[in-house]
Structure formats: C-alpha cells, structure tokens
Ligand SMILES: Cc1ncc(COP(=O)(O)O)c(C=O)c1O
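Next up: just one chain, as structure tokens, the form predicted on its own.
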Amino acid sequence: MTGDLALLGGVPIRTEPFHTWPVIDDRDEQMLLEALHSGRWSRWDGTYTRRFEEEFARFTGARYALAVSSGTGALEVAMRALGLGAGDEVIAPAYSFTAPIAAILSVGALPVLVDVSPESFCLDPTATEHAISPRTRAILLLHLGGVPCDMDRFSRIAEQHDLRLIEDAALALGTRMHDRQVGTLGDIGIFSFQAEKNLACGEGGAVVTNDDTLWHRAAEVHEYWNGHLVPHAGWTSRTLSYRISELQSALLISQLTRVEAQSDRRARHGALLDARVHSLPGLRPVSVPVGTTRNTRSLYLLDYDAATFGGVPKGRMIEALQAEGVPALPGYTHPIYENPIFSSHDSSYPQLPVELAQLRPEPCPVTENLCGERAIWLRQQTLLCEEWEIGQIGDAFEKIYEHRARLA
C-alpha cells in the first residue's frame, strides 16, 4: 500500500464520517407525534409502553418484558426481583462499566470482581468457579459488545452451586446462542436503550424473564403502584420509580422495526473485517463461545499485541487509525476496581457490612492488559456502512502495519 500514514503527514484512507447514529426516519416522527398528541404520557393511562413490552418480549423470545427508565435501573430492578441484599455476594467481571457494579452496591450486595477471558473479554468461567463462596448468590454476566458469555458453562456452574444468573445484555441485543437471544438464557436479563445502544430512545432499559415470580417481583419494585401491571392493594414493598415514559416507548416501537436488519448487517460486516485483520500479525478479533449463532457486534472488539505489530503502542495505534478516518477507541481504560470509590474509606453505601476499600480484589492480569495495552474497540455504527467501506477499514490496518517501523 502506497502513501505515508496520515498521522505522519500523508493522505488518510477516508475523510468522510461513518454511518451516523441513531438512524431515524418518518416512522419515528409519526410514532412520537401520535404519543405526544394522545395526551397520555405515562404508562399509568397510556398504551405505548405496554405495546412496546409485548413487541420486545416477542422479539427477544422472553415470556415477559418490563420497560424501565435506564439500563442501570433495569439492573437494580432485576437484583431486587431476585431478592439480593445485604451481605450477598454477586460475582461480576472486572472488565466492566460502572453501572453493573453500582447496581450491586445499591441493593446492599457485595461485588466480587473476577478476571475475564483473553479470548472473549467476557467473564472467565474458571476464575468464576474459584471465586464462589458460601455467600455467593448470583453471577452477573456482561455480554460485552455483542460477544456472549459461555452460557452453556455458566448454566452448569449455576446449577451445581445453586446460583442465579443475571445477564447484562445492554451491549448485546440481537446476539443469539443456539438461536436464542442472549438475555433470555439465565434467570433474568436486562437491556439498555441509551442513545449509543443497538436499540435506542435516548435513555431507557428493559428487564426480561421467563419466570412468573421474577416478573411479578420486578413489576412490584419498579414503581410504587406496579404501573397497574399486577393486582395490588397498595404500596407493599420497598420501591422507587423506574418508569419509562410513553414518548420513549413510542420511539422504541418504531426503532425496533429495524433492529433485525441492522443486526444482520453488523454481523455480516464484522465477519468481513475479521477476515481482513486476521491476516495481520498482532491483531485478533475476539472469539465467541461454541453455540453462538449470531454476534451483533455492538462493539467491534480487537485484541492487539503491540510486540507482534512492530512495537507500536496501543495509544499510538489508535491515533494512527483515527488519523486514517477509522474512529477507534481504547475501551475501558482501567479495571473497575481502580475506580476511586474502591480506594475510599468514606463509604457512600452505609448499608454495606464492609468498606468499599475492602472489596478490591487481587489484580486481574487479563483485565489490566486489556485496559492498558491490548483492547481496541470500534463503535457499532461503524459496521452499518457499505461493504466497500469495510474494505477501507481493512486498508487502514494494513497501511499502518506497512509503516509500523516509522510509527513505533
């Protein structure tokens, strides 16, 4: 490939931005205006939230779906529905966003942070088994970027140790294992509809389950009067308000109509990009477990080995990709246990039996390597482009590899 790197003064591979997100059309406007002019903007007397829940349940294959105010809210509702509370331990990945850990702490449970697999970037089953204690009640599985956790193995672990499985599928809507949607394979699952997610309405989330009892509990704790979802005689349990609005639900109904086509497009283009980068030393697309029938690529995840790629540091590699017009990201920049909250002795969670500083685990080497040296992400909308544009992304990687000595 000819031409110098754009970072060093050459001409970039591409100058136009990739696909914009979110995608909107006249159907979105129509649905929003219908909900607006209905004058019923709350699920209390509206119809759009119930309609969305029914359509979302059909889409995911879950028996029940409960729409809530955010993905974080969905996590807390799910944990309260499972009865998790003071002193209970919940195993969770150290390579993670803040929200899952904050939700565990908010219900008074203790997060036990465990390393992830270098192949998938998802929670490591072997490390998880070693972390189980008599106080462990649940495992929180984060399907990172559309890559599913090894649900077959985690299901066996949960059955053997009598644990509940919570699936955080906020970044995996549309991913399938054995032709079933992730989020519906454990006891309870959650999704996020924040603006960058595969299904977006700005903010919002959902809890899904096939369990009658868990759905009733989730409905009870998500809103003071259950949103008229289940028979009630009043306020009978600890509740907050996680209601979603009718305007958000109306937009979700419209947006849901295009999720399947978008998921197929990202999965197809991700596979094409895999084939390009596989040929370059030092670049490895993450692996999915056996049984994965579609990876929706909410993020395109790469394992980068700087030493094999000519010694180009990860940060320099990302700068070079961005200069060539590829919007690469470093991913999580530190393990979640490096968050300042875990070094503070002024606990923001007085209901906990220990100070947060005592919850810091032993170092998780895979997570630390991913954060510091190895993980490179591309956002999901990058893969919604045309096939020839995927070729440009591959060209950018090849161009950087060709000039790796100068870049290093």
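This structure is a prediction, so every number in the text was calculated from the model and none was measured. Residues carry their position along the shown sequence, with the first being 1.
Beyond what is shown, the protein has a form predicted together with the ligand; the following relates to that form.
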| item | value |
| --- | --- |
| Interface stretch in the predicted complex with the ligand - options 321-329, 94-102, 263-271, 176-184, non-hydrogen atom within 4.5 Å | 94-102 |
| The ligand in the predicted complex: contacted by all of C149, S155 and P289, heavy atom 4.5 Å | no |
| Proximity of R243 to the ligand in the predicted complex, heavy atoms at 4.5 Å | no |
| D168: touches the ligand in the predicted complex, heavy atom cutoff 4.5 angstroms | yes |
| 4.5 Å heavy atom contact, K197 and the ligand in the predicted complex | yes |
| In the predicted complex, T72 touching the ligand (heavy atom, 4.5 Å) | yes |
| Contacting member of L142, M79, V208, V90, with respect to the ligand in the predicted complex [4.5 Å, heavy atom] | L142 |
| P335, P111, G189, G204 - the one with a heavy atom within 4.5 Å of the ligand in the predicted complex | G204 |
| Residues of 253-270 having any heavy atom within 4.5 Å of the ligand in the predicted complex, listed in sequence order | none |
